[in-house]
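What follows is one chain in structure tokens, specifically the form predicted on its own.
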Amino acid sequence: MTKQPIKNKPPTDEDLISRFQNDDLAAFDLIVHRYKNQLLNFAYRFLGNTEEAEDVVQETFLRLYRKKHAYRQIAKFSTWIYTITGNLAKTELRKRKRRKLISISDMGFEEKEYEIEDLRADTARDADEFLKEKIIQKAIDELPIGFKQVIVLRDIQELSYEEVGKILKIPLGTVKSRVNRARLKLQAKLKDIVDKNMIRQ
């Protein structure tokens, strides 16, 4: 029998961070490419603001670059980097509360601007999806922080219950219970938002 050529497997996250810890800058670039969109989505769902999410992700990679030797292979790399992003997002939320200023986006102008552009440029179906996305994000924004964390990590980022527990440093049973309660709260908030929109129409 002829032996089949062995295909090169892509490096694991742990391979890449190990290479980066040995000053392989190309490995850092691969980590950024692999995680940038995932972390941006995670931070955006957490903060509900694109610019703040981009700042958080940029700071995440900056910390990774500066503190590459802080990672130890006792934990999955994904858990470690999500923890950094989550902590930075929580810090940003606390800063936001302290500021107590009304920004343009809080007054709804930012959302309306995007809505007009989207309706003008895309089909009715795309516009409908856009509005649904806005409604879901609004409901997530209104969740208490503990429920927001688990619903974003588990249902949007699709991490395992075990990974969520490690990132948030809570027991597995607590994760499952909190996810179930968060889903119920999110369903109730979505229904409330939809009902209010229907009344306005």
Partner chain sequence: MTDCYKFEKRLSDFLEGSLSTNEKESFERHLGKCAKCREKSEQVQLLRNTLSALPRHKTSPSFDAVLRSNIRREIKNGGSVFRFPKINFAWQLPVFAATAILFIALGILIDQAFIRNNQLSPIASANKIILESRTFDTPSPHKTFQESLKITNYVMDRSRSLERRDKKREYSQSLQVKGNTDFHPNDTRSFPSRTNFRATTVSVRF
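Predicted model only: the values in this text are computed from it and were never measured. Positions refer to the first chain, counted from 1.
Omitted here: the form predicted in complex with the partner chain. The next part is about that form.
- Among heavy atoms of residue 145, none comes within 4.5 Å of the partner chain in the model of the complex.
- Put simply, residue 24 is close to the partner chain in the model of the complex: some heavy atom of it is within 4.5 Å.
- Taking the partner from the other structure, the partner chain in the model of the complex has no heavy atom within 4.5 Å of any heavy atom of residue 34.
- The closest heavy atom approach of residue 68 to the partner chain in the model of the complex falls within 4.5 Å.
- In the model of the complex, 36, 37, 40, 41, 44, 45, 54, 57, 58, 61, 62, 65, 66, 68, 69 are the residues of 35-73 with at least one heavy atom within 4.5 Å of the partner chain, listed from first to last.
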